[in-house]
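One chain comes next, on its own, written as structure tokens: the form predicted alone.
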Amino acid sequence: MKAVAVFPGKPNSAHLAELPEPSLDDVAGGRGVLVRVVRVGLDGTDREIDAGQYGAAPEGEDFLVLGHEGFGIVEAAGPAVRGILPGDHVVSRVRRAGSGFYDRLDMPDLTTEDTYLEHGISRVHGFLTERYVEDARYLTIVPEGLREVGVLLEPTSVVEKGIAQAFEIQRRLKVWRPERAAVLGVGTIGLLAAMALRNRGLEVTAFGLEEPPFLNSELVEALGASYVSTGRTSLEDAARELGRADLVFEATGFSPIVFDAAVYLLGKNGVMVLSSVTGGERRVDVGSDRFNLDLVLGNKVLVGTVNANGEHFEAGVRDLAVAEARFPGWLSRLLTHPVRGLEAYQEALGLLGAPGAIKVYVEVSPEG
């Protein structure tokens, strides 16, 4: 069985590997589900792992199969599996449970362990392969009507978790009726955040560096949201003109923007969700007194979000379905760069970050 793997820590080590076929017996208790991989989305995480910046192989092995945005079809299920049938389309969660308290509560996305288990990232092989076997509890069924865009469910789940955390935090206000949201960044996560917030009825302004018009700005406007170029308009000026946001969702990958966004763009009693995983060494001079004072006097909250658990994947299915109904064809426009076959992995990795690329994905096998 073919798979695309790397040797973690070794730059540019992506290669086509040969793996043994998985077995339902790989999961104890008859809970295994055999999934044939149909599509796998790629993002900056895959590129950074191939660059040797991070990543960890499973115990006892020296390689890691890439891919954490899987989408596949069930071929077989163990005798103890209920509710998942052959022919169902499914997406697997990325984070696997460890041994910590929150892991035992089936909330491994909130684990307190220093080392964790993530498909295609840390200590668990990913989905950029032909087939895999997974414990049924980690799978989410994707309805037939969403199969063409089901590969977007994993990144959508990250958005869902961030928004859910914001609403959970705002229980402190007893009543919170957000009207205005700002999304920083218009890559895959930013666009999906704009979609989810529009589905909730918020007025949304999305910020990106590039001047419009281009595909991403057109996608923002197709949702009935607004696009602002930070190359032309500062966040301070935008807040002065458009008003401050009740909720800010950050998805830029550019950490310095957080400080200006918190001070100028985030309104009083507001929540800012940070979703970028930034592994660089950027440094900026910050007016720390003003930053601190503004957060304190404004009762503002900054919260980080990473990964997701089952409830967020299920919420993602709902939001994708609503988007398909409200904005027909919008989601498929995010799928900009298909690559056919595992053998084309170098092409796929090379497309990450290419001009015009929103979602790069590998077509691993036909659905028939």
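Everything quoted here is computed from the prediction, not taken from an experiment. Just count from 1 along the sequence shown to find any residue number.
Here the subject shifts to the form predicted together with a small molecule, a form of this protein not shown in this document.
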### Query
Taking 54, 118 and 158 together, does each of them reach the small molecule in the predicted complex with some heavy atom inside 4.5 Å?
yes
### Message
Which residue, 131, 125, 198, 95, is the contact with the small molecule in the predicted complex, using a 4.5 Å heavy atom cutoff?
### Response
95
### Task
Heavy atom within 4.5 Å of the small molecule in the predicted complex: which of 322, 315, 303, 306 fits that? Just give me the one.
306
### Query
Looking at 335-343, 322-330, 23-31, 39-47, which lies within 4.5 angstroms of the small molecule in the predicted complex, counting heavy atoms?
39-47
### Message
My question is simply whether residue 154 lines the interface with the small molecule in the predicted complex - judged by any non-hydrogen atom within 4.5 Å.
### Response
yes
